[in-house]
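What follows is one chain in structure tokens, specifically the form predicted on its own.
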């Protein structure tokens, strides 16, 4: 999709329809309508405005004698924030998509009163939300017309105010970075939505290598023989029940100085999770092709940061497996020696994500990292804790956690912190090994998943993101679709952008 900024007058824009964002405040709403009519030299059909007042969640398709115009409500100006701009934009472009048009022109919200928000941030937010709202995974439909799947090819951002022309550079940068981040998030969604008979560990590894050739990072893949030699028994044991061999994917982006410590991103890559011998109920099991949401997010972040040319060094680690039940599958009661030498008693084979992450988090120590962030659809208990509104964050470095919370608030890919208090640690003690892969008692499931991972981290700053509540949805929202959402891409990319900004100031 092509997204551009046009400084020309509105009536000279070549677009199939126009999208304007409107406040609920009566005076501001009336002023907006007058501006539209004056700029487009048209008269709006008042009858089509009877039920539209600029409230949040409201959209209206308005016809004039010349144009099709979509109005999308922002709500009260005093309550405005960047997320309401995203949602209003998303609702508007989704309305435009139903019209089977090829192009839509979107008004840039000129409101510079938001604290800490620049015009570049507004433009980036509108660009990202438009791209996310227009996403669809339709490659397997043989007749897209029957499904009424329409594509918008061009988005034109514009302003009614000549004063925005002086911000042309900031607007262009907002579009550029927003396009990169939006498309990277949609790519992560594509990876998550692929059926597991199409995308399994070997295919995921090949896709990462293909992406590396297009972007400025390298990718290498460790196979079964190399994993055996390294002693990555967590990855090997979980994969034993599947005919698909495990892969360990390593990505390296060298945007910083050689002496800069890297950030290490670890993503859980279970391309299908049946639960193994501790098999899941059949209802909803098809969604478990999305159990590699953490891996997809890491790939999406790499796609974004390499195109944004961040001046950082970043490593990506993805242990990729299928968790299946057969005669060779790992079993409850087994004991596994992980990469760092610690032993794991398997209590539940459906707690497999933490077992493969144990190897990856141990392996991360070799890079002497600045910080390690893992992303994983780790626990269903996280959905009980916070619903699908936020991901969970835990870790050993409050400064790192606080930075992730800030990045989450900036992007609305939000996180909520849970504790890793010492009292929880004894709940994963084993009678025959160093640790159990599930708790002795059925409580604090999300925290115990984090406590397990903590046993395998090295001497580095670490944050764990449990994205099980946000990486997959059963119903669409304003700009998140049903199924894979790409959760974590915007969050961690923003975190790295913030760090990049700080690094630049220090140099």
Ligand code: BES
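Being a predicted model, the structure only gives us computed values, none of them experimental. Residue numbers count along the first chain shown, from 1.
Keep in mind that the form predicted in complex with the ligand is missing from the display, and what follows is about it.
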query	finding
All of 351, 380 and 468 with a heavy atom within 4.5 Å of the ligand in the model of the complex	yes
4.5 angstroms heavy atom contact with the ligand in the model of the complex for residue 374	no
Residue 64 within 4.5 Å of the ligand in the model of the complex, heavy atoms	no
Any non-hydrogen atom of residue 273 within 4.5 angstroms of the ligand in the model of the complex	yes
is_contact(residue 472, the ligand) in the model of the complex, heavy atom dist at most 4.5 Å	yes
Contact residue in the model of the complex, chosen from 156, 187, 117, 288 - any heavy atom within 4.5 Å of the ligand	288
Interface residue in the model of the complex among 84, 280, 95, 244, criterion: non-hydrogen atom within 4.5 angstroms of the ligand	280
Interface segment, criterion being heavy atoms within 4.5 Å of the ligand in the model of the complex, picked from 172-180, 343-351, 132-140, 213-221	343-351
